[in-house]
Structures are given as structure tokens and as C-alpha cells.
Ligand code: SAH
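Just the one chain here, laid out as C-alpha cells, in the form predicted alone.
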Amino acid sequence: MFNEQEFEILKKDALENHIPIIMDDTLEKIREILETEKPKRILEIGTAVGYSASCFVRYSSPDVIVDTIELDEERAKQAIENVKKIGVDKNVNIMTGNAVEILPTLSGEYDIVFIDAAKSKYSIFLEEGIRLIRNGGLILADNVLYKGYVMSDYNKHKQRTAVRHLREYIKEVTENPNLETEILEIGDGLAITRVTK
């Protein structure tokens, strides 16, 4: 049973503590996608405190399974607590560790892969996502426009690496003939990629 009250508390806490969670307008789009696609298996790269994983369960079929990976041990612990409080712990499997190391150990097919972790690793996540996704499945990448820097001639040193990696990601998903990609200027940019194998 989805606990609405605990879910709202989690959202409020995350915002107050500046923990990056999925933005409302991005979530609205993802909700539409989930209600249309009706995924049975979702892979999430970047759990944070479990907010997005809880959202995925909320907007999918009751038997959906979300496998999610979090690098930060403290956040992973919080996420385990949070999904329990919200009542979605039966649907959410949280793995703690480095996604670059964990992804190659995974098998089976996912309907949706959601990428929201280290910007510098988006291309690695994409490669693994393509391997793990079913034919016709969707790879969603959040924050691909990164405060608008990715599409501008922004070149400040601090964010330069992230910007470069995100540009590479966009180039890959838009130029690969097996991928059909739409980039939406909602939230901090959402790339929706359908994979044909």
C-alpha cells in the first residue's frame, strides 16, 4: 500500500537538504511514459534517497520491479528506509556500489533504464543500458542539458568535464541508427531514447 504521507515527507526532506531529486515537470513526463509503456522491469542508475524509485512504482503496474544502484552508502541506507516507509520495498531492489562495476554483472531484460548519476559516466551507462534493455525499450537520461550549459558555448572550468560528457552522450543517442531520441527541455533536460536492436 503506497503511503502518500511518507512520500510527501521524503520529498520535503530531500528538497530541504538539497538532495537532487527528479523535478516535477520531468516527473510528469515520466509518469506519462510509465502509464503508456507499463514496464515490468526498470533499471535505475542513481538511487539517491529512493524518491524516483518510489515514483516509478507508484506509476507502474503493481508487480513492477525496480533495480536501482547507489554509490553513496549513506544515501543507499536512507533509500532502503524510505522505500520501506512508503510501502514499496517489495518492488525496489537497492544495490550499493559503483554502477560502472555493478552494471556488467546484471543480466535479463529491462523495459526502461533511467540514468541519473555521474555525468562523466553517461556514455558508459548508455552502453550498458543498450545491452540490458529489451528491443523497443526506453532509456531515459535526466539532466542532459545541465542548466542550459550543454547547448550553449559555456566553457567554465568547473563544469567543463560534465558538459563535454553530456554533449558526447547527446551525440551518441542522436547519431546511432539503432536509437531514436527526443530531447525535451523540461526540468534540467530529459533525453528519451527508444532502442531497436
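Since this is a predicted model, take the numbers as computed values, not measurements. We number the residues from 1 along the sequence you see.
Same protein, other form: the form predicted in complex with the named molecule, not shown, and the subject of what follows.
Note that among 133-141, 32-40, 65-73, 166-174, the stretch whose heavy atoms approach the named molecule to within 4.5 Å in the predicted bound form is 65-73. At the 4.5 Å threshold, heavy atoms of N98 reach the named molecule in the predicted bound form.
Contact annotation: A118 falls within 4.5 Å of the named molecule in the predicted bound form, judged by heavy atom distances.
Shown alone here, I21 lies within 4.5 Å of the named molecule in the predicted bound form, counting heavy atoms only. The named molecule in the predicted bound form is approached by A48, whose closest heavy atom lies within 4.5 angstroms of it.
No residues of 132-147 lie near the named molecule in the predicted bound form, the criterion being any heavy atom within 4.5 Å.
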